[in-house]
Each structure stands twice: as structure tokens, then as C-alpha cells.
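Just the one chain here, the form predicted alone, laid out as C-alpha cells.
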Amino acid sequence: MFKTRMTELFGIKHPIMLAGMNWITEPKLVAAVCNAGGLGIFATAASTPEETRKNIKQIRELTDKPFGVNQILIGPGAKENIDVAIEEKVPVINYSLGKPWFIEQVHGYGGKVLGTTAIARHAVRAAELGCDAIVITGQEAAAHGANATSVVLIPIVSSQVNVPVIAAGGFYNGRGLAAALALGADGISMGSRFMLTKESRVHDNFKRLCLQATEQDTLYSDRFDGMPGRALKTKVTEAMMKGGFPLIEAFKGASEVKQLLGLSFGQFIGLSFQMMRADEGSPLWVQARQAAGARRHMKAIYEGDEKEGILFAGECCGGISDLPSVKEIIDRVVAEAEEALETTRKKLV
């Protein structure tokens, strides 16, 4: 068992976190990670405030361990979802893409704020603003990273901030945990590995595709949802890399997102302008790609639609070959990390 600044800060057994993944990290998966000794994170960006509250209550019915919620601050309903999480006194508020205005409120009830970043200077700024810990995301990760890889980012960030650092991007086994600790991190965040478990809601079609993938079978582009991100290589994503602007598909996706979040047409348009004006806001063409990407992502996760669906996935899929339970994964990662560190010590004698 590893005791690090991450485990001490969050009151958890193992320095392993479930990455918040929209449409994937629902209460069952979150609670499974928490009950196995890790930190489960529920992604709220695809939820209305009412759904966020309902899911928080459901997580508490499934576990009595610390957990968190994740919210993209420039996304739809960000303030409302954060307000709900604060009202419910969620132990950990994890955010990305934006400036956290709520740190004092969270600290007021004893909660912790966790900032997710992909660039060193953003990590430093998050720590200066008062975040209790930082997730730093390497380009190997599923979905959104920047240009630098984990092996470069971790030592840079850990040397520039005084708060715990959680490494994300490329981590799926015990050797990865051992490497992250050696590089200066206090723990790891795993998305793709937890996505490929018995408890994950991802459709079997896409679980199968991920298990068949090698480390070469992902694509990194802004074509998938307007922001640079990594998705599983399929005929669909390869076609998107070559295609033009998805205007019709963007309208379809926007309509579905509007309906999903219970917004009127006026509210949806107003939200778009708010996102454009945000500190890290998105221009309208990026939002259009985001809407189209959301539609395709849901088709993959819920329907297993290989003709239209896409799935964000990390390069580490190339090293994953089974679908164990969440507890089996966490126990395995910890045991492998202990063995890897011991083997390394012996090599140095």
C-alpha cells in the first residue's frame, strides 16, 4: 500500500483516481472505484443540475468513501452544476478549462478543489489560485491534452508547484504508477483503463475495438470535437480527419445537446455567447464541432454504433487486453507498482 500526499489529502487508500469522462463515469463506476480504495470522479458536464444532484445522491447510496465531481467550466450549466455540488458538500470538486471562482466556498465546508490542466503554466496558475492538487495531462491521454507528453510534464510541474500532482495520460498498470511516483507525481489518474472494466457502461462493440487496438491505433486531432484530442482509430475517425466542416451534423448535435440539457432555444444561444466570451472560451466553429462530437460519442457509448460513433481513447489501449472488475484493476496496479519499485531497487545494488 502506498501512502502519498494524494492519499492523505483525499482520505483514500490508494493513489489512483478515476478520470471524469462525460457519459461514462456514472455513479456505479464512480462508487466501484471509491469502494476499491481509489478516488472516483463523476463527470457532470452532460447533466442538468437536477441530474447532477440525483447522481450525487446515488453515489452516496453506493459508497461512504470520498468522491468527486468534474465540470468543464466553459461548458453548459457549469455554474449551476458547481452550485449543486457545493450545496451537496461533495468532498472533491474537479474542474478544467476555466477559472475556479468557487474555491473559498468549497474550502468553507472542508472540501478540496482539484484543477485539471495540460500545460505547465496553467498548472502553476491553478496552484496559485488555491487549488489543493493538480492533475497534469499528457498527450498520450484519451480526449483532450496538449502537445507535451507525461514523461516531460510530470517532473516540470512537480518541481514548480507545492501541492500534490496527479499524473494523467498513458497510465494503466503498476509500472505506470511506479514511474509516475519516480517522476515526482503523488498518484495517477486512469480513464481508458477504467473504461475497459466490467462496471463500465461503454458498449461492448467499442470495448472490443479497444482491446484489439495497438498503441498505434489512436488519432490526435481537433476534428473530433473542435479541441485537440485523442480518439480510437476507426473508419469513422479516419474519415473525419479527411473531411470538411460538419455543418449538418453540427446542427443535429446541437439540437440533441440542447434537448439533453433541457434548454430553450434562447437559453442555448445565450450559452453559446457565454462560452465565446469566457477566459478560455471557444469560437462558434469550435462549439459546432463539439456538438457534432458529442452526438457521435453518445452513439458509440450507448448504441455501439461503429458506422457513426467515435470513442475518445488513450494510447494505453495498446497495453490493455482484458475486462476485469474495478477492484481487480486497482489491486493489480498497486501490487505491480510495489513489485516494479522493488525490482528497480535491486537493479541499483
Ligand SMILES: Cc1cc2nc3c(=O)[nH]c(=O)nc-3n(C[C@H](O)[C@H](O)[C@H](O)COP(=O)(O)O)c2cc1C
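From a predicted model like this one, the values you see are computed outputs, not experimental measurements. Position 1 is the first residue in the sequence shown; the rest follow in order.
Form predicted in complex with this ligand: not shown, discussed below.
The partner is absent here; in the predicted bound form, the one residue of G115, G170, P164, P76 having a heavy atom within 4.5 Å of this ligand is G170. With the partner omitted from this view, the residue of A133, M240, A143, V157 that lies near this ligand in the predicted bound form is A143 [heavy atom within 4.5 Å].
In the predicted bound form, none of the heavy atoms of T218 sits within 4.5 Å of a heavy atom of this ligand.
In the predicted bound form, this ligand sits within 4.5 Å of a heavy atom of M195. I16 falls outside the set of residues with a heavy atom inside 4.5 Å of this ligand in the predicted bound form. In the predicted bound form, this ligand sits beyond 4.5 Å of every heavy atom of T52. Contact annotation: this ligand lies within 4.5 Å of heavy atoms from the stretch 187-195 in the predicted bound form, the single such stretch among 106-114, 187-195, 81-89, 125-133.
Contact check at 4.5 Å (heavy atoms) against this ligand in the predicted bound form: none of P27, C34 and I59 pass.
Residues of 317-340 placing a heavy atom within 4.5 Å of this ligand in the predicted bound form: none.
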